[in-house]
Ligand SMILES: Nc1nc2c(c(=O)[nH]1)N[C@H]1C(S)=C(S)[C@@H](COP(=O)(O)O)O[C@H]1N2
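Okay, here we've got a single chain as structure tokens, the form predicted alone, with questions on binding and movement later.
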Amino acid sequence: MNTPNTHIPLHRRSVLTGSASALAMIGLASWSRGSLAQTAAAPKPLPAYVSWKDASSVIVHSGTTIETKRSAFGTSVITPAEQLYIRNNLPAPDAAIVADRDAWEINIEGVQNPRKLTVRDLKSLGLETVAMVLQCSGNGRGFFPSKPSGTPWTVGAAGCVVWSGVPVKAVVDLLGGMASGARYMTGTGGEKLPAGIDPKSIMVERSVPVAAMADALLAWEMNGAPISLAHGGPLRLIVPGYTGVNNIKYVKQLAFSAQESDAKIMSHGYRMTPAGGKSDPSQPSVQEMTVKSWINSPSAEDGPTSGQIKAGMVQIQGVAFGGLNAVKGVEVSVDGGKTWQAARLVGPDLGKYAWRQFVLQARLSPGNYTMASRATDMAGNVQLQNRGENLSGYNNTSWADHAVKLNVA
């Protein structure tokens, strides 16, 4: 059985440096109907800019992609920064940008009175806090049998975190409101771009519908601490209910316009491209998240033998979220979806953008089990059985893919 994660408090940190700890990788024995099994890989150290993370709770895929282990989510609602996944499209900027956080500037365009504001200015304009699921668009990519290019995430490119900052709407109102005809809100990241290439080909700049402004924040704090460099500090655009790429790190410009950004990451990147096709602006953009859940425990990481636990009473627990909608309920199956039982939602309800913990108590006899969860949101949307096939392995919400196979001895 998994035990609740109690070993690390939430510290107030920015970026710490130091020697990287070795990470002994174990297989993510999490199987879908396609019988995916991620085998043990050579140990990889934590990169220096995230050397403060808990190496025992994560899988280092690369210097810019780090996944939370399924067994590390524990039974608390909030994901500690030390365990939260990392997905950066570009290398993190120099740590100097968080030396004087309040001096960081953001340019606000497409409003009646455009201007630059410092974080210090923003802190005087308002304050709001939101708990929300932060999830990479490719979370669940590792379950695609087509093996799309990109990090083979299973469930760990996600977490539930608390952001604090000023509502975007308050900033826009202060500056006289949006300019007429604005249909999109576009955030531009402040990463340092290589010289000699077209900035639009590599810059992180994403557009979302202006309706997303209603709950969006310009945030300077995560889980009660200044946002670390690794997670987008000193200032990050937070768009609750939208996938991680739309939550712009090191945000240096926020613009309101009639057209989407023409940066490549917007026009061709993160598009729901049919398998075997080529991305183009006519295809749906990866933006809003939809209803999803998975079981965290018991998992194949429990017990002395991979994929095996002892017979008896078992607490089957996991997480569920609805993207733009709150979770209404979760069902659990121990027979691969043939029959379902209603699980119980546990823990505090932190709002519609946060995930909910669920649990089903079951007595399991010796044998083989395929455990799955299926969530329903307040709008009546039910988590799908099958993934939506696409070129890059985006938006996998399939309950069948996220099921776990266990042997009970």
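From 1 onward, residues are counted along the sequence shown. Keep in mind the model is a prediction, meaning the values are calculated, not measured.
Omitted here: the form predicted together with this ligand. The next part is about that form.
Exactly one listed residue, out of 231, 101, 169, 271, brings a non-hydrogen atom to within 4.5 Å of this ligand in the predicted complex: 231. Just one of 212, 119, 136, 182 comes within 4.5 Å of this ligand in the predicted complex, counting any heavy atom, and that one is 136.
With a 4.5 Å cutoff on heavy atoms, residue 248 counts as touching this ligand in the predicted complex.
Among heavy atoms of residue 88, some come within 4.5 Å of this ligand in the predicted complex. Although the partner is absent here, residue 204 lies within 4.5 Å of this ligand in the predicted complex, judged by heavy atoms. For the chain shown alone, residue 236 is a contact residue for this ligand in the predicted complex, at least one non-hydrogen atom being within 4.5 angstroms. Looking at 193-201, 248-256, 69-77, 107-115, the stretch with residues near this ligand in the predicted complex, meaning non-hydrogen atoms within 4.5 angstroms, turns out to be 248-256.
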